[in-house]
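Okay, so here's just one chain, in structure tokens, the form predicted on its own.
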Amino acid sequence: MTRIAIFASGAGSNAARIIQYFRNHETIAVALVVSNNPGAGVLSIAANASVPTLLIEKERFFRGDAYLPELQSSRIDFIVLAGFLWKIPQALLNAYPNSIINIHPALLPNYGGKGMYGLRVHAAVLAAGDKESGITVHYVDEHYDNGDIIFQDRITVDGTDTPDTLAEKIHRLEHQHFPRVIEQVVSLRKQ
């Protein structure tokens, strides 16, 4: 059984879909939800699904042990970033090589990097006049939104779109694809 930790900072809609998708899966289980935000909705989602949670603080995450002992004691094999806003420290990258993936609400390499998250991404897409946007699932490395791309899917940007309507379209795309892409990546690792 591959044990996944979901790292999330916000409401947790992607985490909810992932937890639901793997609820009775034969080979993959969501074993932990990690958040840096004590008010994050994802913590309630995890509690309601009986998934253990870990609340982390910045100093220990970046300058301490990166909570590696807790991840190891939970027997975590794979990490999924689902709206997690902190950069992943080198200690975790070393402990989980090619085993940390992220979803980004745009077509990388466009509109990625530090500070590019949530409505900021969608506002930038609209300001540029792009006719399409989408999602990117990628491996995590030492730079924001930089690792090798695993999967992308696109949607059309309409002339009437606002950052909020574009966010809704992107969320639907994320919810449709992210759990399945996680399943494929984890399955390929086992071969």
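Numbers follow the displayed sequence, beginning with 1. Small disclaimer: the values here were computed from a predicted structure and weren't measured.
Keep in mind that the form predicted together with glycinamide ribonucleotide is missing from the display, and what follows is about it.
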Original post:
Do residue 179 and glycinamide ribonucleotide come within 4.5 Å of each other in the predicted complex, heavy atoms counted?
Top reply: no
Original post:
Just to confirm, residue 171 within 4.5 Å of glycinamide ribonucleotide in the predicted complex by heavy atoms?
Top reply: yes
Original post:
Do residue 118 and glycinamide ribonucleotide come within 4.5 Å of each other in the predicted complex, heavy atoms counted?
Top reply: yes
**OP:** Consider residue 103 of the chain shown here, and say whether it contacts glycinamide ribonucleotide in the predicted complex, taking contact as heavy atoms within 4.5 Å.
**Re:** yes
Original post:
If you check in the predicted complex, do 36, 89 and 141 all have a non-hydrogen atom within 4.5 Å of glycinamide ribonucleotide?
Top reply: no
Original post:
Counting only heavy atoms, which residues in 140-167 are within 4.5 Å of glycinamide ribonucleotide in the predicted complex?
Top reply: 145
